[in-house]
Ligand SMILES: Cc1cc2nc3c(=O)[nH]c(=O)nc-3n(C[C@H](O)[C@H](O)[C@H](O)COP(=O)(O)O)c2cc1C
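Here's a solo chain for you in structure tokens, the form predicted on its own.
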Amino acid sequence: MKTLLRIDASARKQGSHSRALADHFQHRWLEAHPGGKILTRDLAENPVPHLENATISAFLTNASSGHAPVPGAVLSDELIAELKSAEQVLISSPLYNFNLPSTLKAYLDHVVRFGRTFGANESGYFGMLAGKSVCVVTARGGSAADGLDGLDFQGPSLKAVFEFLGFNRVDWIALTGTSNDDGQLETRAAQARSALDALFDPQPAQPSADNIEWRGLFSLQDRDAINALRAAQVRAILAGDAQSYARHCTDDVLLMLQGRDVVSGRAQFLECETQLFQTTKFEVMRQIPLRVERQDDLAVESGRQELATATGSAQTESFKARRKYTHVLRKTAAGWRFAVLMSNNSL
């Protein structure tokens, strides 16, 4: 049974545009997951307290030290357990003074916690909540016409937090101009609802993962994580998001594209993909995995790709419509990541 954790941050209980969008998402989610479980946390009705020194000290105290439990730490444990129990998270949040409401920030301060939702190793920090997705629906009074787009810091903040925690997917749906007296609010709201609907509509362009030949010891969680990793790669390429693509790779990733020298390491990978997306836009990207074979913490995936670039893209001839690929995946502390990416135009 699938579980959705819904978090509402608007101070308004009635007439909230962000809550209305979240209602629409929840309705579609229940249609897609009959019998699914909904957990709700209303931060206006039950606000999470801001961090205090005693709470921070409790976070840093070893649980075996014999110290008495601190209420703030107990609440944090409860919130983290709730977050971990959900495969999907829905957040409805208005824009308050260019950023997220303080109640939502307080919630995040309790769940972004070292050793519980993120960790660190010799390669740096890594998230511990891989295999999850979050949809953020937000509303703001102004619109692009007001010239304040550069002052909306809520989106980048929340995207960074959930990607830091290891979430494989972050969707962002925004309703703007709720205070504009132009008679177009319902039109914009309908567009936002349509964007939410698109998250649930089947995507026939992507093949079913049921036909993959799995060789070796893969748990159901491994298979789900690898399928989610592949889907995240497709979304990043179609969105031209080099940063997101790089986050799904190991630090020592190797990229081998036809007609190019080997790209080594995440920094070079990010630079290469950023330059590529500046000149080439992909309109279609299908991964058709045929086999995934595992040996210890490495897995090799082979299959076919189908691509289409936008008219006028600079490197259209470098990417044939049908290609073959081999990807080497490595299971890290942060989850499955791309270690080697190879593709070839010939079939």
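Residue positions are given as counts along the sequence shown, with the first one as 1. Note that the coordinates shown come from a computational prediction; the quantities given were computed from them, not determined experimentally.
Beyond the structure shown, there is the form predicted in complex with the ligand, which is absent from this document and is the topic of what follows.
Counting only non-hydrogen atoms, which stretch in 268 to 276, 212 to 220, 132 to 140, 226 to 234 is within 4.5 Å of the ligand in the model of the complex?
Contact-bearing stretch, as computed: 132 to 140.
Against the ligand in the model of the complex, would Arg19 count as a contact residue? Criterion: heavy atoms within 4.5 Å.
Contact with the ligand, yes.
Interface membership of Tyr125, the ligand in the model of the complex, 4.5 Å heavy atom rule
Looking in the model of the complex, residue contacts with the ligand do not include Tyr125, since no heavy atom lies within 4.5 Å.
Is there a heavy atom of Leu104 lying 4.5 Å or less from a heavy atom of the ligand in the model of the complex?
Contact check for Leu104: no, nothing within 4.5 Å of the ligand in the model of the complex.
Given that the partner is absent here, does Ser244 sit within 4.5 Å of the ligand in the model of the complex, heavy atoms only?
Because no heavy atom of Ser244 falls inside 4.5 Å of the ligand in the model of the complex, the answer is no.
Using a 4.5 Å cut on heavy atoms, which of Leu83, Ile173, Ile91, Leu95 is close to the ligand in the model of the complex?
Among Leu83, Ile173, Ile91, Leu95, a heavy atom within 4.5 Å of the ligand in the model of the complex occurs only for Leu95.
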